[in-house]
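The form predicted on its own is given below as one chain in structure tokens.
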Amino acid sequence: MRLLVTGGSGYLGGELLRRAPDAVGTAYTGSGDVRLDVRDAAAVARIVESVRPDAVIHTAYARHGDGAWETNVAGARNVALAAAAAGARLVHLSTDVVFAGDAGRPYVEDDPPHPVTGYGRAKAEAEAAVRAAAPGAAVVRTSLVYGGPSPSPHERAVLAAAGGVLDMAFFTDEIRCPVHVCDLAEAVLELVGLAYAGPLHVAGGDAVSRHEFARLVAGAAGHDPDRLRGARSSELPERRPLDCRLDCGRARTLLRTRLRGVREVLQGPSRSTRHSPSALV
């Protein structure tokens, strides 16, 4: 199967390429097989026509900054249109913050998006664009990604704070379902070979606050978790999604890949150095 991965220099994209070394990866910045700005529809079409992929995994995105909306929305639309024109299977990566975080329960796939942040609005719009352009695409909503051969941005912030390099507090009232990058990559690659269409929630088995997540990461790396300060994001002037737990029951039924909880990965007795942030710094 010929596989094209956008955002190949990113955290998840890099793991996908490590697991599928024959795949072609694109990158806007950093290393990658092919340079690509997904905002350029003609360039996207040329890449897809050149690679002739059987499947496309779209991981490229921009968290913030100039051009973020165009990257997330127009970029997703461009990739979906090109994949559909080529008859390629598409798996699109999205996020739990397409939800407002005020349901008081885990979100299921049929819950309508209701974002409250700019990034969430862009990713919700991207989901709609993808489903309109490529109705057979799978849309994977996931959560905080961590682990792998190098620390994720979330882990780097935690380790810097735990080491006294960064003065930062971690929210006690924002609940997420962190997922190990290896589990997520394996699940996405498995999904490529399935005919599933529409949203699918693929996240870790534990719901934890950002503060608890930070304490777990710090402790696994040999730092004192008590050095990490907590704070309440609900006290900030701008609204943030608080409880973005994802119900992953559908994914557990559909996929063979086991989506481990962060406590198992970072506290479990069988935790190996490959999964330990202490081996990543």
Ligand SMILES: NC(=O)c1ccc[n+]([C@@H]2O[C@H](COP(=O)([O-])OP(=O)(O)OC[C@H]3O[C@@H](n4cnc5c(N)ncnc54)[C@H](OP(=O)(O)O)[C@@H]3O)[C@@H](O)[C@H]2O)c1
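Start at 1 and count along the sequence shown; that's the residue number. Bear in mind the structure is a predicted one, so any value in this text is a computation, not a measurement.
There is another form of this protein, the form predicted in complex with the named molecule, and it is not shown here; the text below is about that form.
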- prompt: Which one of A220, I47, V38, A251 is close to the named molecule in the predicted bound form, taking close to mean a heavy atom within 4.5 Å?
  reply: V38
- prompt: In terms of non-hydrogen atoms within 4.5 angstroms, which of the given stretches 165 to 173, 119 to 127, 101 to 109, 193 to 201 touches the named molecule in the predicted bound form?
  reply: 119 to 127
message: My question is simply whether L144 lines the interface with the named molecule in the predicted bound form - judged by any non-hydrogen atom within 4.5 Å.
response: yes
query: Does the named molecule come within 4.5 Å of any heavy atom of L12 in the predicted bound form?
result: yes
- prompt: With a 4.5 Å heavy atom cut-off, would you call L216 a contact of the named molecule in the predicted bound form?
  reply: no
query: How about R131: is it within 4.5 Å of the named molecule in the predicted bound form, going by heavy atoms?
result: no
field: Residues of stretch 81 to 110 in contact with the named molecule in the predicted bound form (4.5 Å, non-hydrogen atom)
entry: L93, S94, T95
